[in-house]
Structures are given as C-alpha cells and as structure tokens.
Ligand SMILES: Nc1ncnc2c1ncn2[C@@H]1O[C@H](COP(=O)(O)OP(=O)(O)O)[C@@H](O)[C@H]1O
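The data below hold one chain only, encoded as structure tokens and taken in the form predicted on its own.
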Amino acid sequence: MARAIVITSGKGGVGKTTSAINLGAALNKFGEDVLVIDANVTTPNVGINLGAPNVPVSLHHVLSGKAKTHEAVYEHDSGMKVMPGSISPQHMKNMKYEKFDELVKQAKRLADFIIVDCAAGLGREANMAISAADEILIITQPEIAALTDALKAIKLAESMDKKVLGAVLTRVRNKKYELKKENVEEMLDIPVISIIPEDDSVQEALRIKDAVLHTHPRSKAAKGYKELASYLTGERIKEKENWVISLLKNIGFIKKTEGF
C-alpha cells in the first residue's frame, strides 16, 4: 500500500526540501517507486533544486482544476518522479487548497512512496500538506529555536491524528553548543531516526542542481539519507546500480521536461 510521508519542520531553513529530494532519491536508488511533491505553494523549490524551475504543468495547475494529477508528474533522469510547483505568482490565482487531499490519493496510484515537501510554518499551506499525510517526518537541527518550532509542528500533526515517525537532525557539526541526540528526543518526545552531518557536498549538489545522492553518492550526507530510506522501508535493501528497471516501469506514461 502506498505511503504519503510529509516532510515538515515548523521552521524554514532547516533542510526540508533538501531532505525531501534526497530521501526520494535514496528510496528510488533502493528500487522503490517514488514521487516527490512540492507542496510549498508560495515558494516552491523542488523544481529549482533539480534544474527545472519552470514546467508546463505544475501542482498549481492541478489545484486550480486546470490539469489532472498525472499531467503534473515528471521523471528525473534517475527514475525518481517529481511534481514541481510553479514559481509564477499568477498561478497562485484560483487555487483550491482543499483539492490537495484528493491529489495525494490520486498520486498513490502513481508511486509506492509519496514524499511531500511541506511549507515552513504552521499556516494554511502546512495544514494542507499535513492533513493529507499518512505519516509525518520532522526535519530539524540540534538547536533550541529549530526544536521549538519542530515541537509546534509535532503538536499540529498530533492534533490531526497523524503518525509522527520521528525526527531527522540535519547539518549536525558535533559542536559543544549543539544539543545531543538524547536531549532532542527528550524535548520532542519522539525518536531521532537519522542524523545528517554538515557536508559541503550538499551545497555543491545544490549548485549542480541535483540530489547529493546523485552527485556525491559516497558523501556523509548521502550515507545519512540512505540510512533514513532504509529505516523507512524496514529493512536493508541492496542498492541497485542499474536504474533501467525503474525507468521502464512507467514508460510512455510519465512526461519528461528540460532539467529532469
């Protein structure tokens, strides 16, 4: 059964989009059928980070009733599927946030893992994404401000009866001023299921406009996201070097666009 996992934090700048893209890439590399959806309606970055800032049909078109869900799905060269948002302010018009729940239900027919990049904060966009989730993954950093907002996001998810899988700590430097894993778990009352170390490879991947899993597969950050993907699948999966299998799964059904 397909799983819709929303990546959220309650705070911007902690690595939600990077984590959504690289978790999707890691699951895909393990042979899973993955769709990453950019639900950050006002400031979408998934397409930008993957080298396709403008696509002919986006999430915004679906939420405006101008396109069907599968028409906004594109295939990355790796085989990972992506539904980008539009960076055009004009596409914000006539959007219906309440359509997102149905969009996710339809997306579950297209992939086994639906990874949703949630907007920062706890406003309408975040509520839209979390309400459509089966499970929630909290992205945060080991410092008080980020953890305080993460706790708010957890409480919001719990108020909607959503399952919170745990927390992912990003950009960890192992400095004395950072809170330890045990302190984070005590504060958030959820397990820390993965730690992504500070890694220049992530910034280099952003410059190249691709996932760090693809640009620097042996980097510390890539290893962290692979371990996270392995945790979510419930078992250690042998990585498949040949991605042709996943590429052929939906041949003729998924569109390709420049940058993907």
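Throughout, we count residues from 1 along the sequence that is shown. All figures in this text were calculated on a predicted structure; none of them were measured in a lab.
In what follows, reference is made to the form predicted together with this ligand, a form of this protein that is not presented.
For the chain shown alone, E198 is a contact residue for this ligand in the model of the complex, at least one non-hydrogen atom being within 4.5 angstroms. At the 4.5 Å threshold, heavy atoms of L228 stay clear of this ligand in the model of the complex, well away from it. Mapping the unseen interface onto this chain, V202 counts among the residues with a heavy atom inside 4.5 Å of this ligand in the model of the complex. In the model of the complex, at least one heavy atom of R171 sits within 4.5 Å of this ligand. Here the chain stands alone, but in the model of the complex its contact with this ligand, taken as any heavy atom within 4.5 Å, falls in 189 to 197 among 63 to 71, 189 to 197, 50 to 58, 26 to 34.
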